[in-house]
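As a starting point, one isolated chain is supplied in structure tokens, in the form predicted alone.
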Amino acid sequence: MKREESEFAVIGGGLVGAAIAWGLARLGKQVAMLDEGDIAWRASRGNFALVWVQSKGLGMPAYAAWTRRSSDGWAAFADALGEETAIDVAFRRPGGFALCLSEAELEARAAAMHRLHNQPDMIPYPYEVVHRERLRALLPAIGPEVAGGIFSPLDGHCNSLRLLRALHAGLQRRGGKYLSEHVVDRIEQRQGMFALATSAGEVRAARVVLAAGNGNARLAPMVGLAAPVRPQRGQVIVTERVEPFLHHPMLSVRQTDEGTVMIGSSTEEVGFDDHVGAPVLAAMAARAIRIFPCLGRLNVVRTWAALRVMSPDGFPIYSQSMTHAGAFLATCHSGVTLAANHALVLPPMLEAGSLGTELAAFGGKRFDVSAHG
């Protein structure tokens, strides 16, 4: 088997790994991105494509700040990708709504936003509670049960499949290597280099970044780290194309740049199982039709399920190894929202060999019981 050598080996070819790999290549680094190929449990193929800020960070104000930073950087990130690859990732930031089907639901969501912004060290961002009368002027297609919603001008969305393709194309245009069907079996550090034993041969690199989603749970201990992540299933419905009627993304319904409507937001703790289920799909469709009755006339063309990457507290984990110098971990369930940070902010830290203080709150040691004992 042949041997590959690079400055950086990024394990994981989904949105998190691809964004980091592209960002490192932009800095002039030699990068090899290792990917499992079609057998991967890839959340990047099944996400809802939101660049979402509102509601992020309850329990960890640093996450709200990190999320907003990425959202603010997304336009420049999308432009850079487009200029480099000629792929339009269809990023738009018109502001997003979280709609509620009762006054009680609206009051509960508004109270949650109030708690979020009342946290110590929270960096406030704009949002407003929009009641039904004003909401109807903004969203004429809403149904009679919609009581109102929360709006934030910082929310947006994109075409996430094009985003993944653009990151892969950009990496390879800059000389990075995409090594598909390279399942990493073992990682060892020898004489200042990491040796990655894979199903397709050995890959060596001076530094390694674990960005393999749920696969990080297995890989992290090999370099003295921990990634207590688990899969969480989410299901998605996609309708036929229809004339544009929804110009703002929402948590559970959005119209894509191609005219289809995506319906989602389910959460299921079922382990490594990405099968779709009619009861969940039916419940999602029923709520979506209550919000926008016009959806009841559309044909469903696709359904699928994918597995989110969830940490115990739901927030990202960014760590560097104290026992294997040059080994880093990056994992999150918001690969689209945080893509701009992963491409533009994180790579310079990796190049410098140290994660910045901005990421201190996201270290994996927060899950170590002994550290808090």
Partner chain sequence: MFRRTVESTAATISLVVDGNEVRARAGESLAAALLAEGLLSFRRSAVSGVPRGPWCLMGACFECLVTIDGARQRACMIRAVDGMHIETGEGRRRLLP
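Not measured: the values here are computed from a predicted model. Positions refer to the first chain, counted from 1.
In what follows, reference is made to the form predicted in complex with its partner chain, a form of this protein that is not presented.
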Residue stretch of 127 to 135, 143 to 151, 255 to 263, 68 to 76 approaching its partner chain in the predicted complex, non-hydrogen atom distance within 4.5 Å: 255 to 263
4.5 Å heavy atom contact, Arg241 to its partner chain in the predicted complex: yes
Heavy atom of Leu196 within 4.5 Å of its partner chain in the predicted complex: no
Proximity of Ala206 to its partner chain in the predicted complex, heavy atoms at 4.5 Å: no
Contact of Ala226 with its partner chain in the predicted complex (heavy atom, 4.5 Å): no
Contact residue in the predicted complex, from Ala90, Cys294, Met122, Val183 (heavy atom within 4.5 Å of its partner chain): Cys294
Candidate from Cys158, Ile187, Leu298, Ala220 lying within 4.5 Å of its partner chain in the predicted complex - any heavy atom: Leu298
Members of 179 to 214 lying within 4.5 angstroms of its partner chain, judged by heavy atom, in the predicted complex: none
